[in-house]
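Shown next as structure tokens: one chain only, the form predicted alone.
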């Protein structure tokens, strides 16, 4: 709590910087434009890398921290001394030259063609640091760190560039580089909130609520581990991966991801930079995980220690069906490829493909957590049931948590979280958390929020494998088979009949009371019957 209070001024200042950068874009006609998020995310990333460089260079040369115009002093270093800095600073630091620093560009803002200077500088930084910060595509192409951002503006490019740089100099990240996950996850969520909703078309990115991410990370990592691989085959902006990496420790894990969206891959790169996971950027891949899974080892698909995923539930993958059904994919998609609905191809239930891919991609001791539509846990036929059967027969199911309605504000679909553990022995935890939470308005939608205590209740009940009346059960694999592979906790809750002890006299009195009431009802019924017959006989045709 103390940490949050101390961080609050920095959070407010950082959010203000983001708001002002968005205001600049809006004033130059880019509000709600498809390119706005590229400018905001890239100029924010440049600002962060610039300040991180300043933070690191002052650690290597502490005397610079005492000099107000430290940039000029740095520029006076000879080439050899300057290049030596590259090897003395942290491996996760972008290497900048003196003329590439924000302070230098700010001083040159009245020069002719300032916008071109800014764009050229960003491109030079991207080229210099390409090996460390470039995201790959599935065919091996590298997506650079920056675009020529001022070219997204049709006119007044110099003025636009000046306006951006006048905002960048009012705040400095150097003092908060040591802040941790809570701070930077808050900032990242605020930065992307306008660009990461389910309103973005065919390949929309879905933001995973903090409560879901926290529950997944804490259940998957109940005790310290190290040297682990973490994977998300539909990573989006990386919320689940960041929470998982934070639970393990950023220096104790390596992150792998693949996502069909270039926008998501760029946001994930920013998320990795902010959360000190730069060493994993080389494992961020933009591409179709179902048709072209990228991550391989020794010629085979790579397997992982931890897998998390909130995959798209329904999308049009009709063009890929023939590829997915090929012989080389038979083992991976053991339960089959979902049908393509005739009238609504975009309703194709592709989450079943992601589920099968994840089960295939776990190593022998692997654990996973996947967000699924709650309908999956009780479906009585088809691919869904075949997948559940496989989870039970191979004894990899660890449990299921059915979440409250509207835990995702942007979708009305009820969701559950399926937990897999290749080392699980026998007991399976089923939790019905649907009655938890408080409903609040979120724009036009309803959203359910879990309190910290409710999140902890779910985590502790699952981890400790405890039974709580009408909330959780612990069952065996054979119990699940007997219930036709249903994973709904409610189907295993004990049905209780309450008995009340009464005397023989009280029983006789109750029985006589029932008989008396029945006689009265029969008498009234007889009266009504006679009245109806009488009225019917009085009816005439006119």
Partner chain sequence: MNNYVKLSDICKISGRVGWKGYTVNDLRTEGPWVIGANDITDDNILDLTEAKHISREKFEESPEIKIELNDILIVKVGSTIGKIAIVDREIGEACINPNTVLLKNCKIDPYYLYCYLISSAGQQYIKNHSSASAQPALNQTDLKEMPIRLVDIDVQNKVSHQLKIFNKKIAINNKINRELEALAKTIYDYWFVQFDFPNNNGKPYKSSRGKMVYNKELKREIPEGWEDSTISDWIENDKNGDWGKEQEEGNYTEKVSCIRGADINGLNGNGEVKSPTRYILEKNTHKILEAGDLIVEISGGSPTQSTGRLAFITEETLDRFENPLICSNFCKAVTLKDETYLYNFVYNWNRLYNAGVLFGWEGKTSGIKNLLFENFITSYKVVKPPIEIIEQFYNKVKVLHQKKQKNLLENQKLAVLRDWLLPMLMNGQVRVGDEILKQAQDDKVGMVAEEGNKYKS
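Each form is matched to the other, and the largest set of C-alpha atoms that superpose within 1.5 Å is called the rigid core. Residue numbers count along the first chain shown, from 1. Since we're looking at a predicted model, the values are computed, not measured.
Just so it is clear, the following notes concern the form predicted together with the partner chain, a form of the same protein that is not shown.
The candidate site formed by 324, 334 and 342 is entirely out of contact with the partner chain in the predicted complex, as no residue has a non-hydrogen atom within 4.5 angstroms of it.
Proximity to the partner chain in the predicted complex, taken as heavy atoms within 4.5 Å, picks out 483-491 from the listed stretches 483-491, 49-57, 22-30, 66-74. Heavy atoms of residue 432 reach within 4.5 Å of the partner chain in the predicted complex, making it an interface residue. Mapping the unseen interface onto this chain, residue 155 falls outside it, with no heavy atom inside 4.5 Å of the partner chain in the predicted complex. Proximity of residue 186 to the partner chain in the predicted complex: non-hydrogen atoms within 4.5 Å are absent; the residue sits far from the partner. Mapping the unseen interface onto this chain, residue 365 falls outside it, with no heavy atom inside 4.5 Å of the partner chain in the predicted complex. This chain appears without its partner; in the predicted complex, the one residue of 446, 413, 137, 291 with a heavy atom within 4.5 Å of the partner chain is 413.
Interface residue among 380, 227, 438, 141 relative to the partner chain in the predicted complex, by the heavy atom within 4.5 Å criterion: 380. Annotation for 514-533: interface residues with the partner chain in the predicted complex are 514, 517, 518, 520, 521, 522, 524, 525, 527, 528, 529, 531, 532 [heavy atom within 4.5 Å]. After superposition on the rigid core, the Cα atom of residue 515 is displaced by 2 Å or more between this form and the one not shown. Once both forms are fitted on their rigid core, the CA atom of residue 505 lies 2 Å or more apart between this form and the one not shown. Core-superposed comparison between this form and the one not shown: CA of residue 529 displaced by 2 Å or more.
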